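For reference, the chain that follows is the form predicted alone, supplied as structure tokens.
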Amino acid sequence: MNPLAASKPLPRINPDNQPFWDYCRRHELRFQKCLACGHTRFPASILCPRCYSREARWILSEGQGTVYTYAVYHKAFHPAYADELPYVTAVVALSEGPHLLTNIVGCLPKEVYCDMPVTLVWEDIDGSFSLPKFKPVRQDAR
């Protein structure tokens, strides 16, 4: 574990997202799926944004997706990230439908491209959080 990881800003927990982070701690990436219209949503909420139903269940993601968009950071937005420069922040379009803001790891920033296939990996932070991150399915550069 990165010694600075504990000083990094962590997500804020609220009643809507608590189950999401509880599942992540168990290395399960889960999203709410509306039982009325079938829409898979993220972030979690009490109502479906499409049909306003309150009925939903948590489904397990396959952890597969593609890079929808990304940015390479050459200046850390927070001092705790300075040792990781440069790093990639990306929006990953998951096969189940949701888009997730995350990091791309396991490759050089110059190897990241839009539509790149990625797979889920976990970063465990001091036993209290597990953050979903993604790495390339193949290590080939474009």
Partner chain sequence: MNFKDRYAIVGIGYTPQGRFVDRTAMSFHVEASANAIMDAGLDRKDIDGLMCYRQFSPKPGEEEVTPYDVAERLGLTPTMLSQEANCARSHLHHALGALEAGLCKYVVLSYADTSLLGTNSAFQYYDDKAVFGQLATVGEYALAAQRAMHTQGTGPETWRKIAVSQRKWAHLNPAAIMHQRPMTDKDYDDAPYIVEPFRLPDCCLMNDGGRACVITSVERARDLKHPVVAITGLGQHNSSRDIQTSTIMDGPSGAKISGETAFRMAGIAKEDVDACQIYDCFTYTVELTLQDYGFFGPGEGKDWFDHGRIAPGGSLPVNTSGGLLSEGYFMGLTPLSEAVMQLMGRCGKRQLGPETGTRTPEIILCSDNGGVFQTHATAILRRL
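No experiment lies behind these values; they were computed from the predicted model shown. Numbering follows the first chain given and starts at 1.
Separately, the form predicted in complex with the partner chain exists; it is not shown, and the next lines address it.
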Just to be sure I understand the contacts: of Ser45, Gln64, Ser53, Thr89, which is the one whose heavy atoms reach within 4.5 angstroms of the partner chain in the model of the complex?
Thr89
Please tell me which of Leu108, Leu101, Leu60, Leu35 lies within 4.5 Å of the partner chain in the model of the complex, judged by heavy atoms.
Leu101
Ser95, heavy atom within 4.5 angstroms of the partner chain in the model of the complex:
no
Could you tell me if Pro19 has a non-hydrogen atom within 4.5 Å of the partner chain in the model of the complex?
no
Is there any non-hydrogen atom of Gly127 lying within 4.5 Å of the partner chain in the model of the complex?
no
Could you tell me if Pro15 has a non-hydrogen atom within 4.5 Å of the partner chain in the model of the complex?
no
In sequence order, the residues of 44 to 74 that place a heavy atom within 4.5 Å of the partner chain in the model of the complex are Tyr68, Thr69, Tyr70, Ala71, Val72, Tyr73, His74
